[in-house]
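What follows is a single chain, given as structure tokens, in the form predicted alone.
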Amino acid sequence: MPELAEVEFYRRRWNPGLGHVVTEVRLHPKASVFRGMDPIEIGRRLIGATLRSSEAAAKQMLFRFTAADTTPLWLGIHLGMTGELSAQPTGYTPAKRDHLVLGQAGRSLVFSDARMFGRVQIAIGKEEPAWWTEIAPAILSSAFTVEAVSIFLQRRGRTAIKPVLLMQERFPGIGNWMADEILWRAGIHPKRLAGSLAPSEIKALHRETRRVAEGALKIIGAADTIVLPDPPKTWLFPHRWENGGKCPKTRAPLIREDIGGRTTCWSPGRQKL
């Protein structure tokens, strides 16, 4: 599933459309990505609208439009597991997995989602929609403090730390690979109960969460490449997928196991239970 950095990477793919008017909207009205919305209404609203700006938060994106009558429009996109955005040539013919195509002069902005776990939402008016403003404070914001993390861990003290890191109400944008990376760097075993962490371990967890988020945004989120780039070999990321993968620090074999319903990778030499 796309995480914080991958969401930023895909958001930037629609940047060529900034400042341009939507002249045509093509969509699959029965696609589940429009659940809870009227896709025909989405299409009607977006025709003639100008794309003004966009941003990413957690695992979501927000695209700001101004309708032809100057009404503010807010288009929200969640990539789910297999979603992605792309900018295609004018006159692009949508494939089966392309559920929303915004035609502009010189390009087509496309949202694709093969498995349709993603979502498209729209809101109208001057106020940002609740589904955007209610996202938890960003990991790189001043609100993401050691104290806030400590309180959250204590409230979920009987849960293994790995699934706790995936809880979006405190760790927005953190997904499976980023959680493994954070725990590996902090030297914390993924099965440790959240409430068992010492103050020094909580500080390390907080520090590495911010460092992994910042590094991933620089390496992946800001990349101007066609394919998502991988972090360097000094990270756990390139090794966690390999059968027989080895820890970049200890060179000992890594272990993979299901924890909290998610495949988890850790280094037994660094992360003691």
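The structure presented is a predicted model; accordingly, all values stated were derived computationally and were not measured. Residue positions are given as counts along the sequence shown, with the first one as 1.
Keep in mind that the form predicted together with the DNA is missing from the display, and what follows is about it.
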| query | finding |
| --- | --- |
| Candidate spot 26, 64 and 107, all three touching the DNA in the predicted complex (heavy atom, 4.5 Å) | no |
| 4.5 Å heavy atom contact, residue 187 to the DNA in the predicted complex | no |
| Residue contact check: residue 170 to the DNA in the predicted complex, 4.5 Å heavy atom | no |
| 4.5 angstroms heavy atom contact with the DNA in the predicted complex for residue 192 | no |
| Close approach of residue 138 to the DNA in the predicted complex, 4.5 Å, heavy atom | no |
| Heavy atom contact within 4.5 Å of the DNA in the predicted complex, the stretch among 129-137, 171-179, 142-150, 87-95 | 171-179 |
| Interface residue in the predicted complex among 13, 249, 20, 262, criterion: non-hydrogen atom within 4.5 angstroms of the DNA | 262 |
| Residues of 1-25 having any heavy atom within 4.5 Å of the DNA in the predicted complex, listed in sequence order | 1, 2, 3, 6 |
